[in-house]
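Have a look below at one chain only, the form predicted on its own, in C-alpha cells format.
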C-alpha cells in the first residue's frame, strides 16, 4: 500500500534538492555577469564570457577530453564484455580474485594511481602521449563498464540462449543475435558512466597529461589558479546545458531508466 509523503517529508526533499542544485545555479548565474570578476548578485546580463570561449584554450582541451573519454570508454567496454562473460558464466579457481582485481581501481585513491601511472608510463616511454593518457583512463573507468556488464549478464535468463542453441545456432550467432541485444542497455549504461567518469577525471590526469594532451578539467583547474574572471563559469555553464540536452535526447530515443539501470544493476 502506497502512502503519500507528508509536508515535512516534502519540505526535506525540496531542501535536499535545492542544496544539491545550488552550486550549479550559482555557476550559471555568475557566467552571465557583465563584470570582469566573479560577483553575485550580477549587476547586468551579458553573453561576453560565452563569446570569449571561442577564442580560448578551452576548445582544444574540450576536444582532447572528448577524444580521450570516447576512446577510453569504448576500449574499457570492449575489454569488459569477455571479462564479464567469463566471470559470470563459469566457475574457475581465482574467479573472485580476478573480479576483485578488475574492480580494484575503485578502491585506490586517484592521486596514488596518478603517481604510479606517471612512473610506469615514463619507464615505458609513453608519458605525454595520447596512448598513455587513454591507457590510464581505461584503468579507472573499466570498473564501471565491468560492473554493469556483470549485473546485466547475471540477471539474464539463459533459457533464450538455450532455445537458440537447440535450434542449431552457433555460439557466435547466439551472442550476436540473442545475448548482445538483451544486455545492450546495461552495456550502454556502463559506457555512458565510463565516458562521464573519464571526461570529468582531474586528479589522476594532472599527473599523466602533457600540455599537448591537456584535457578540459585540467585546463579549467589551471585557469582558476591564475584567474578570477567568469570565463571558467561560462565554460561550466555550457557543459551543464550540453549535458542536459544530451540526457534529454537519450531519454527521448532510448529511455534513461533502461540506459542507467542496466536491467537492475546490483
Partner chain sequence: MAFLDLRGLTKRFGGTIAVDGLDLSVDRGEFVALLGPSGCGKTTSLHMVAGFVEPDAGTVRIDGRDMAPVPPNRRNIGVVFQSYALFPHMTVAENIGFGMEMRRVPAAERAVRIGEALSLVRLDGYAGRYPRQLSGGQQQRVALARALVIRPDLLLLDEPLSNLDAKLREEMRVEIRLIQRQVNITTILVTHDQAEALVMSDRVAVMDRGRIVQIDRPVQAYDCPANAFVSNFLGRANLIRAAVVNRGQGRLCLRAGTSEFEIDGSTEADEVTVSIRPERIGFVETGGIAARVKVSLFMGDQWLYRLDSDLGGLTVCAPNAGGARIADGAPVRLAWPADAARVLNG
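Positions refer to the first chain, counted from 1. Only a predicted model underlies this, so the values are computations on that prediction, with no experimental measurement involved.
Keep in mind the form predicted in complex with the partner chain is missing from the figure; the text below concerns it.
Engineer: Classify residue 181 as contacting or not contacting the partner chain in the predicted complex by the rule of any non-hydrogen atom within 4.5 angstroms, answering yes or no.
Structural biologist: Answer yes; at least one heavy atom of residue 181 falls within 4.5 Å of the partner chain in the predicted complex.
Engineer: Report yes if any heavy atom of residue 164 sits within 4.5 Å of a heavy atom of the partner chain in the predicted complex; otherwise report no.
Structural biologist: Heavy-atom contact with the partner chain at 4.5 Å: present for residue 164.
Engineer: Under a 4.5 Å heavy atom criterion, is residue 71 part of the interface with the partner chain in the predicted complex?
Structural biologist: No - in the predicted complex, heavy atoms of residue 71 and the partner chain never come within 4.5 Å of each other.
Engineer: I'd like to know if residue 188 sits close to the partner chain in the predicted complex, meaning any non-hydrogen atom pair within 4.5 angstroms.
Structural biologist: Result no; residue 188 lies far from the partner chain in the predicted complex.
Engineer: Suppose contact means any heavy atom within 4.5 Å; which members of 149 to 177 contact the partner chain in the predicted complex?
Structural biologist: Result: 157, 159, 160, 162, 163, 164, 165, 166, 167, 168, 169, 170, 173, 177.
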